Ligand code: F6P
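Single chain ahead, by itself, as structure tokens, in the form predicted on its own.
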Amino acid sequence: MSGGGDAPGINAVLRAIVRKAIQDYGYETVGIKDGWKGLVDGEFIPLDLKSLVGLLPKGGSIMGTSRTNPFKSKDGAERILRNVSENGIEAVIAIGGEDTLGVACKLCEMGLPVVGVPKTIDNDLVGTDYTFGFQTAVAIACEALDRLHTTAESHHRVLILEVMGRYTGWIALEAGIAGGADVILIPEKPFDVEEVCECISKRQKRGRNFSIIVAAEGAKPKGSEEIVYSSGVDEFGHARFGGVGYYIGKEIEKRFENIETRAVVLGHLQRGGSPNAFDRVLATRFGIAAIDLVHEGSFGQMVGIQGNAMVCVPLKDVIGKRKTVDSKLYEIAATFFG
């Protein structure tokens, strides 16, 4: 099953799991529809070798996904355990981020045999150096920056690219370095608009009459809250972030009479479409490692990659923590600000 937001590579994970499960272990495999919702409602789809055709490059999730939190309903968890028992399910592989794996950890404590696969384009899960989908998202953001450079230079404007990154700035940081951004704003370091403007002024003094800013959606001004797109939260209590790019643009125009700004929100383009080669390989390795853990009976674990080695990490050691950006990498990026 896959829960939370989609990420390029989910189907590649699924392909690897099913292929090895059937060919090497003789298991019967099924897909759980729409994340934890499918286990609450008892909705499944058959998965055999024929169902794997064309999955490796396919984006999204053929099983569907949702942000359902079974612990928000009175009997959600109990219905999951009942459906697992009644349908003869001997193990569940949950593909997801902190919220999905947090549910998996709780259900494991209630007796559900579960293995986790880390999935988030934000790359913010501890226990693994990378999550699949992240490198694809960075590549898409970098391509966008390359395109924005030409129009920014032609029109002498400041262009702000808003990318995903609710609580961590991994996408903004790595895409900003690769794309030659003049300022990078991340959630880990609340920004001062005056300092952003100083970077723009430095460029003007050198005859550079345009600038490119990359901002993670969760970046916030010093002393203020995050900027949200709308009120309300999802079933895991998360607000819908968005709008920081427009906020920065307006603040810059207040301080410069001769500067026009434009904000571009990359949005779901970052996680839609085909995974790149790196993420296809990583997702395949994750899938193989996950079904191997199932075969060993090593439940309550999440697969991960550290260096180039596949590892398993207890789910309880992953949940409630967050992998923030490498401060040394940010220092490298800051060398090129302004």
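Note that residue numbering follows the sequence shown and begins at 1. Everything quoted here is computed from the prediction, not taken from an experiment.
Below: the form predicted in complex with 6-O-phosphono-beta-D-fructofuranose (F6P), not depicted.
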item	value
Heavy atom within 4.5 Å of 6-O-phosphono-beta-D-fructofuranose (F6P) in the model of the complex - residue from V196, M164, L101, V158	M164
Answer option from I121, A141, L173, I93, heavy atom within 4.5 Å of 6-O-phosphono-beta-D-fructofuranose (F6P) in the model of the complex	I121
Contact flag, R67 vs 6-O-phosphono-beta-D-fructofuranose (F6P) in the model of the complex, heavy atom cut 4.5 Å	yes
Interface membership of K254, 6-O-phosphono-beta-D-fructofuranose (F6P) in the model of the complex, 4.5 Å heavy atom rule	no
6-O-phosphono-beta-D-fructofuranose (F6P) contact in the model of the complex: H268, any heavy atom under 4.5 Å	yes
Which of 268 to 276, 45 to 53, 26 to 34, 287 to 295 sits within 4.5 Å of 6-O-phosphono-beta-D-fructofuranose (F6P) in the model of the complex, heavy atom basis	268 to 276
Within 4.5 Å of 6-O-phosphono-beta-D-fructofuranose (F6P) in the model of the complex: residues from 80 to 98 (heavy atom criterion)	none
